[in-house]
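The data below hold one chain only, encoded as structure tokens and taken in the form predicted on its own.
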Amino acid sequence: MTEIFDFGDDLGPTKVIHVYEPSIELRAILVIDNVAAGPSVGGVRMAPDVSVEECFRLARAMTMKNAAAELPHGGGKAVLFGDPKMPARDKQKLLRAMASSLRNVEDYIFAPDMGTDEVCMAWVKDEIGRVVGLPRELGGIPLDEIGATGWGLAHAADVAASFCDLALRGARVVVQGFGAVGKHAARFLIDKGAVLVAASDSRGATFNADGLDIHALMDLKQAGKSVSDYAGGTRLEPEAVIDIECDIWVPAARPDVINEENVHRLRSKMMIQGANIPATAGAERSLHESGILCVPDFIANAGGVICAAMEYQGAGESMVFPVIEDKIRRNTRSVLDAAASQNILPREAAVDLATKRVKRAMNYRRYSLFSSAPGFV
């Protein structure tokens, strides 16, 4: 299959690398979007249907995310074609070969993402050493285990609630994608008094208007089962969670799950985006016009990359939660204040905030002397 890369702008991408080794059925793509602030950090996403376009969009989201969080890193992303549930031996072979192929690409730092975890990053470390999101035994901070991204999402929701006259205590929450991000977002929101009424994964969904037992759901996932196996709820198809009326809807799975074809079905007061690019631009505009507050992905879900950046600088686990809380609360309030005062979409305010920070970083780089792009001096 041939893919034509025909998008980009004055921010990037700076590199697009295809990795292919037919003898082991390795096919991967790396997009390094912008490295003005420092080497790019972005997860390795593993799925059978990833693409160069998705990789670029995710890399750009990482540029925005790292800039908004004021981290010394640019944005990048890698995608690996394959079933993340393949036998561990086969998965290890692919990850090691991919890392080895990218050994000399020093402006990209590997990190976990959907379909990969800290064990995968341990394999990468053994091959090339340039990685974050490692197991504790290797000096890392296992961000998925501690729920760094979910912690940030809960604080984004707490700030956003005041912008739509919502109290978190008693707020009804739906989580689409009850995985590493979604389960912790639910856990931390419940700690703030919210009620989880529905959750889904790739195999099904469950619903109970009186609330779901978060610990029972987490135990099911730990045992390799689906949330739809939960005994105390009504079993549904995965996409049915879009139709459940709630106060907070958290997409925490794949891109574009909310789009122009299904956005009219969403009945919520706000969406806190746990996944990267979970809604199309048209869908976000429809949500805005319908009065549904949408906190953009790279503002709300930056907890994971903040944690990763701190790990890379040698910080300990106990240090990350206060920093994540501070950065995400400040950025969420700044973006929503700007959106309200300027009567624009929250994403427009967020992109403006992050882009200005990226361009300021670009001004300090040598290549800014030769550029006439807007924002340069």
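Just so it is clear, the structure is predicted and the values come from calculations on it, not from any experiment. Start at 1 and count along the sequence shown; that's the residue number. Rigid core (definition): largest C-alpha set, two forms, superposition within 1.5 Å.
Heads up, the form predicted in complex with ligand NAD isn't pictured, but that's what we're talking about next.
Participant: With ligand NAD left out of view, choose which of 131, 252, 248, 154 has a non-hydrogen atom within 4.5 angstroms of it in the model of the complex.
Facilitator: Answer to the contact question: 252.
Participant: Could you work out which of 211, 238, 135, 84 is the residue within 4.5 angstroms of ligand NAD in the model of the complex, going by heavy atoms?
Facilitator: By the 4.5 Å criterion, the partner-contacting residue is 238.
Participant: Residue 60 versus ligand NAD, in the model of the complex: is there a non-hydrogen atom within 4.5 Å?
Facilitator: No, residue 60 stays farther than 4.5 Å from ligand NAD in the model of the complex.
Participant: Are any of the heavy atoms in residue 149 no more than 4.5 Å from a heavy atom of ligand NAD in the model of the complex?
Facilitator: Flag for residue 149 set to yes.
Participant: Against ligand NAD in the model of the complex, would residue 200 count as a contact residue? Criterion: heavy atoms within 4.5 Å.
Facilitator: Yes - in the model of the complex, heavy atoms of residue 200 and ligand NAD come within 4.5 Å of each other.
Participant: Using heavy atoms and a 4.5 Å limit, would one call residue 274 a contact residue for ligand NAD in the model of the complex?
Facilitator: Because a heavy atom of residue 274 falls inside 4.5 Å of ligand NAD in the model of the complex, the answer is yes.
Participant: Within 4.5 Å of ligand NAD in the model of the complex, counting heavy atoms only, one of 103 to 111, 280 to 288, 171 to 179, 186 to 194 shows up; tell me which.
Facilitator: Answer to the contact question: 171 to 179.
Participant: Can you list, in sequence order, the residues from 294 to 308 that come within 4.5 Å of ligand NAD in the model of the complex, counting heavy atoms only?
Facilitator: Residues within 4.5 Å: 301, 304.
Participant: Aligned on the rigid core, do the two forms place the Cα of residue 265 2 Å or more apart, comparing between this form and the one not shown?
Facilitator: No, the C-alpha position differs by under 2 Å between this form and the one not shown.
Participant: Comparing between this form and the one not shown on the rigid core, is the C-alpha shift at residue 346 2 Å or larger?
Facilitator: No.
Participant: Compare the position of the CA of residue 327 between this form and the one not shown after a rigid core fit and state whether the shift reaches 2 Å.
Facilitator: No, because once the rigid core is superposed, the C-alpha of residue 327 moves less than 2 Å between this form and the one not shown.
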